[in-house]
Ligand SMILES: Cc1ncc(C[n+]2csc(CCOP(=O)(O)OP(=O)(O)O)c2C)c(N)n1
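Here you get one chain, nothing else, as structure tokens; it is the form predicted alone.
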Amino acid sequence: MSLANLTPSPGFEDWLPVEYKDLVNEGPYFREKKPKVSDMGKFKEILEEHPMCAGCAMTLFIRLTFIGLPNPEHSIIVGTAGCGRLAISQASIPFIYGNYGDTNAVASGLKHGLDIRFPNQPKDVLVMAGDGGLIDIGFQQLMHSWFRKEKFTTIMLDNEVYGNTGGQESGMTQHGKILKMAPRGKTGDKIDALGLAKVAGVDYIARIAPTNPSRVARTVRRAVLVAREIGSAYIQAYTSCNIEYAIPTPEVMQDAFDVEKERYGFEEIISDRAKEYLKEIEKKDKKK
């Protein structure tokens, strides 16, 4: 959680790839003016190379999430088994791999520990996991972290399927969808995770698709800032699995636009106290 993690040991710098050295010299760390999505290609990003499938919308969303972090040098990600961790673990930011289903419990303990260890420096904790890891197997830990008003951000990478393990249906799969391991179609409805977040009193809630990169980065930034000072934050992101849903690579973004228009439109639900906090923060940002 500092450049000390990236700075090469004396005598080794000349032997390291230029990309590694660029992270220290050209990365988004400790910048007074934070990079924007429109600056992509002009600075060294936290995530560039990864082993994800070609055209994966999840990877694009993760990349934009890292750009949206208010202070990447003081951020840490908690994840678990699933496609997303293949990319997140390749990023130049601390990543904790939790057991399947316990991400929000791990994040709760981590956040409290960091607050004690660094009382004068906010440390932003984010959970990034799939619909299976959060709403299915991780449901209990997810809900209790929300009811306890834990101050970290949970981001669901909602590809509406168990994409990493062969195509099983998840609680977030749409009703009637036929998958390789659900050949008769999903019998139940998609779980209303946004509704559950509302019931739990989460202070910042957003549903979003990766169709507007600047909006994704802005949403992530707002969620992290609210979680830093006010309470829990939750982002539900449509990140299609082009493999399990047989979406041709060139049509991945068109699918995102279609789904957004049909049933995944952008929605932002903010508590009154979070609104006031964001208003003050964004007012200061404009003055800068």
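Bear in mind the structure is a predicted one, so any value in this text is a computation, not a measurement. Think of the rigid core as the biggest set of C-alphas that the two forms share within 1.5 Å after superposition. The numbering used is simple: start at 1 and walk along the sequence shown.
Unshown form predicted in complex with the named molecule; subsequent notes refer to it.
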Non-hydrogen atom within 4.5 Å of the named molecule in the predicted complex for each of Gly79, Ala107 and Ser145: no
Which of 112 to 120, 162 to 170, 70 to 78, 189 to 197 sits within 4.5 Å of the named molecule in the predicted complex, heavy atom basis: 162 to 170
May I ask you to state whether Met58 is within 4.5 Å of the named molecule in the predicted complex, using heavy atom distances? yes
I'd like to know whether Cys83 contacts the named molecule in the predicted complex, with contact meaning heavy atoms within 4.5 angstroms. yes
Tell me, yes or no, whether Ile205 is in contact with the named molecule in the predicted complex, where a contact means a heavy atom of each within 4.5 Å. no
Find out whether any non-hydrogen atom of Phe139 is located within 4.5 angstroms of the named molecule in the predicted complex, and reply yes or no. no
With the named molecule taken in the predicted complex, which residues across 92 to 130 come within 4.5 angstroms through any non-hydrogen atom? Tyr100, Gly130
Core-aligned, does Met181 move its Cα 2 Å or more between the shown form and the other one? yes
